[in-house]
Ligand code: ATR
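Coming up is one lone chain in structure tokens, specifically the form predicted alone.
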Amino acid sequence: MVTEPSVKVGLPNAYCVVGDPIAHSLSPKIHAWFAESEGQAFLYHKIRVAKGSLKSAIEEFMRVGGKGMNVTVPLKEEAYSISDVRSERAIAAGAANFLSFGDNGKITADNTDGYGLITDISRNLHLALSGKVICLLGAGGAARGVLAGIAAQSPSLLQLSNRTLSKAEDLSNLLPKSCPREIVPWGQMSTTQPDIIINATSLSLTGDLPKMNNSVFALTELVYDMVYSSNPTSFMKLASRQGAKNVSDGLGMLVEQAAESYRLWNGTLPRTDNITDRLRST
């Protein structure tokens, strides 16, 4: 386990984000701003933890007084599997990006990704999801994390597309029966035009693109890439070139899911006004 910066024993209200890689994480800066706005003493670290090492990292962090963790790739499923108590959101996702540690050593898991995505689109981008045709690309932990949140918005149709068809089918089986759904083979186009396209794959991290019919972008209301970057992602650039009206990365989602994590740990939901703009300007 590598800590950036080092964690000191006995620090009050110590939290962290874990993953691999983790050096790029903006979460410490976000939580520092939240704590400042709330007038709270709040210490937040970023810790690189390799896959398969999360349990020992949690034990060490708890030993020095850690109260909770945010979890990012590739540890979300691992966090879920080792937790003692799981929220409905975590159960629906089969993955956790939030952990809190009780005085009795119990680990409670939640998933705030769906909240972050829906809040960013509906409140910050001013776009309703109810009654819309939504296309979700990918079927990994990121897609599972937001699936229930999207379904709860009552889309008229939720299209699922993934390179491995069986994984898209598995994702479909997690949806409530009341949610209309369609599995779209990778690289093909449905007869129903999506209003919103959400890229939940990690392809933009390497500059790669999901395989799809590019003509679909021109009639969308929003193309959303859950990856965030200082510059438009490869997926956002493609959508813009093809005539998409609005494109967005996942920075707003990161901020909103962090706010929900802060609320779960501290009991108050911090304001997120201008946080995304501050991050982009630094």
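Remember, it's a predicted structure, so these values are computed and weren't measured experimentally. Don't overthink the numbering: it's just position in the shown sequence, from 1.
Same protein, other form: the form predicted in complex with the named molecule, not shown, and the subject of what follows.
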inquiry  = Contact with the named molecule in the predicted complex for Ile150, defined as at least one heavy atom pair within 4.5 Å: yes or no?
reply    = no
- Query: Can any non-hydrogen atom of Thr192 be found within 4.5 angstroms of the named molecule in the predicted complex?
  - Reply: no
So, Val133 and the named molecule: in the predicted complex, are they within 4.5 Å at any heavy atom pair?
no
query: With the partner left out of view, is Gly140 within 4.5 angstroms of the named molecule in the predicted complex by any non-hydrogen atom?
result: yes
From Ser81, Gln188, Ser122, Thr164: within 4.5 Å of the named molecule in the predicted complex by heavy atoms is Thr164
Assert contact residue (the named molecule, in the predicted complex, non-hydrogen atom within 4.5 Å, options Leu203, Leu175, Leu157, Ile118) equals Leu203
Given 86-94, 106-114, 125-133, 140-148, the stretch touching the named molecule in the predicted complex at heavy atoms within 4.5 Å is 140-148
